[in-house]
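This document opens with one chain alone, in structure tokens, the form predicted alone.
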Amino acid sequence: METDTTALHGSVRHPATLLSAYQRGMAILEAAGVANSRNEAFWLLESGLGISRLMVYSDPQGRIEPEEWTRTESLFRRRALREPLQYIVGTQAFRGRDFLVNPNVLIPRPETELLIEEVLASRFSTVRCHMVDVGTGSGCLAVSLALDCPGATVSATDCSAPALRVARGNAQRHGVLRRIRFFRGECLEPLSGRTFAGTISAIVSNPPYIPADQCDLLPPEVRAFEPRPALDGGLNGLEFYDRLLAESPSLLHPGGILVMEMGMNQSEDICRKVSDKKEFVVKTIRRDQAGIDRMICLERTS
């Protein structure tokens, strides 16, 4: 791609071409220390101008209007303040599907897909059953379960009303709103006292698991923008696991599974808690691409 020397020397107030807009945006991101500035500049340009990357390559001298750059530059400035790219463009991919996200919900991560893979490897993926997503956030797990397990009905809980609105929006976006019921409340508490006792086949959860004293050490995109309750797992990062282990046995039928994401170096502590409880046995532990124990599947004993 050729260099737009006019844009580099800054002799115009607004970039006049697609190439100069790309270069100006990339310079803004690089100055702010954004690591993947080359690709993120394309994504923000696409979002701001409503174009594809291919257009920048095929017509680099394509003209843009000052008001178009003003709108697009605001996106670059937001990213320069370290606001996550996903919140700026409004979506994040999960299992090949786009999910709506905003600062009310945690941004879905690739490692969380391990939870869905574990459920799909179980006998419950192809039968009529009831599944639960605890702390649903964006709804990426609940919606994926409904889409990938056609015989399942899904209940999703979250303590945040704004998060539940995002999750409902994603369920509607992917055509499974009628198969997911949403409940507001902490952990599994919204399902207690209903008719769910002993009827649930699979419970999945990506709980908050960052130790409280480490939350302020997270990257600025995470600590300053993502919802703290979705990150802070209490003193040792394990408080939510204690609740899941205490509240899920009465809901799962024998042979049902509890599938949870874990943080780094938490696998042994969680396994120890399981062995003390006796209501579960450890069925599977899966590692993420970095080799970290990231997912644990427990089976409800009879």
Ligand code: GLN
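Residue numbers run from 1 along the displayed sequence. A quick note: this is a predicted structure, and the numbers were derived from the prediction, not measured.
Omitted from view is the form predicted in complex with this ligand, to which the following refers.
Contact annotation: this ligand lies within 4.5 Å of heavy atoms from the stretch 204-212 in the predicted bound form, the single such stretch among 184-192, 204-212, 116-124, 74-82.
Checked against this ligand in the predicted bound form, the residues Leu164, Leu147, Leu106, Cys129 give one hit for a heavy atom within 4.5 Å, which is Leu106. Remark: Gln92 does not count among the residues lining this ligand in the predicted bound form, judged by a heavy atom distance of 4.5 Å or less. In the predicted bound form, no heavy atom of Ile88 sits within 4.5 Å of this ligand.
The shortest heavy atom separation between Thr112 and this ligand in the predicted bound form is within 4.5 Å. Though the partner is left out of this view, Ala230 does reach within 4.5 Å of this ligand in the predicted bound form, counting heavy atoms only.
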